[in-house]
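Let's start with one chain on its own, the form predicted alone, as structure tokens.
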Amino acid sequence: MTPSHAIRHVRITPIAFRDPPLLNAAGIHEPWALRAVIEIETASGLVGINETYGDLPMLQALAKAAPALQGLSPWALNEMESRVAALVTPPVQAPSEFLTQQVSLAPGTHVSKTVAKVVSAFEVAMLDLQGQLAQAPVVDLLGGAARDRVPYSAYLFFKPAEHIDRPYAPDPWGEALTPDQLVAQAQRMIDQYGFQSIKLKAGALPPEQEAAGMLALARAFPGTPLRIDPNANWSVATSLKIVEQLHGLLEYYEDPAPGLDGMAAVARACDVPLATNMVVTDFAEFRRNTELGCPVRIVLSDHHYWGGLRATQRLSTLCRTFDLGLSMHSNSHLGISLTAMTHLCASVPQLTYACDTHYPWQDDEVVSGGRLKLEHGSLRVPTAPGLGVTLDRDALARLHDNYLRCGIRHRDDLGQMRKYDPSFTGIQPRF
């Protein structure tokens, strides 16, 4: 490493962007989604970028770890991991029942994931730097592309027409509470992006109503792979009742019942493969799944909290070893995260299913050139050096101003839902 390539500065910019009122088992999305943009700059002025979580605890962890990168080579990923772990490893604590419920829905918010999240945040930006230095795309640093396009799935949500507090004009998607409205949402998303598979976020309305929505989708889009994700908000009995109603329709069944034991109970009585981003979220939980005979057959990874792109490649090797499927989870995100996912998924030969993405639900962007273009439900793998995207400085400033003004510092779907229904508890399973 030459001195000009040493890391001299890490910038962390919190941002907020509009998020529609999407219903889920925890409640409903707040009007603003939080992210953070990472910039790692070398002494020569070269800048690597990334996007990650933007809630207050994550920002504090990033700020605590950032000085440890000064003087490091962009290639020193192992040393970065050691330094981060030494600085931000949290004390062991027993979460409250409420926190446990929130964590199960959004494992990326759990304090136990702090090191993995910070490592991932810095790793991707350092890989972006490495690619620029080597004049190679990130996918080549990960072993090369197994595919030149990565498929994504339409991600449907039940939703009201607009946020209850009306912070801005209603989103263009409109209300979706009935089967017909759900089909219209899917048709619009497929027409616009060309998706070849459909996932429904469930666990928000009565299960029979959500099953009716799935049946309507099956009639409207015959032969299209379908998935449903109740976010563990159904009991084992309800999970088995609904999967019977959907017999022959599901590509996979994502997190119907709470906990790995609940999933195992469903798996024993169900011939549809079970997928998760809730009960296999790290390598220790992967081991527990294997000890139970792998009731979860498809792992939905997320490099943001699994520890980065390389950690997810290690996960893919384990999935191949145990004959498990692999795909990717997402939450509300912009183009840097989507691009990083695309490089990663292109580098994994055994990617088994089209990946999740919330990208169609967002109308802002922070990368130069505006919104990334999905074609036939897929995103082409960038071939430019590094991630292949750069920051739009004006957009970054605007989204940072949103953050300063929005007043949100922690994601709170439960609190937002109580504006609609003060009696809402979020207790799971609710059905």
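Computed from a predicted model, the values in this text were never measured in an experiment. Position 1 is the first residue in the sequence shown; the rest follow in order.
This next part talks about the form predicted together with a further copy of the same chain, which is not shown.
- The contact with a further copy of the same chain in the predicted bound form, taken as any heavy atom within 4.5 Å, belongs to 310 out of 113, 201, 310, 333.
- Think of it this way: in the predicted bound form, a further copy of the same chain has a heavy atom of just one of 148, 165, 191, 323 within 4.5 Å, and the residue is 323.
- Within 4.5 Å of a further copy of the same chain in the predicted bound form, a heavy atom is found for not a single one of 196, 361 and 416.
- Only one segment in the set 168-176, 205-213, 224-232, 127-135 has residues whose heavy atoms sit within 4.5 Å of a further copy of the same chain in the predicted bound form; it is 127-135.
- Remark: residue 85 does not count among the residues lining a further copy of the same chain in the predicted bound form, judged by a heavy atom distance of 4.5 Å or less.
- Put simply, residue 302 is far from a further copy of the same chain in the predicted bound form: not one heavy atom of it is within 4.5 Å.
- Using a 4.5 angstroms threshold between heavy atoms, residue 246 stays clear of a further copy of the same chain in the predicted bound form.
- a further copy of the same chain in the predicted bound form comes within 4.5 Å of no heavy atom belonging to residue 161.
- For the stretch 275-302, the set of residues having any non-hydrogen atom within 4.5 angstroms of a further copy of the same chain in the predicted bound form comprises 283, 287, 290, in sequence order.
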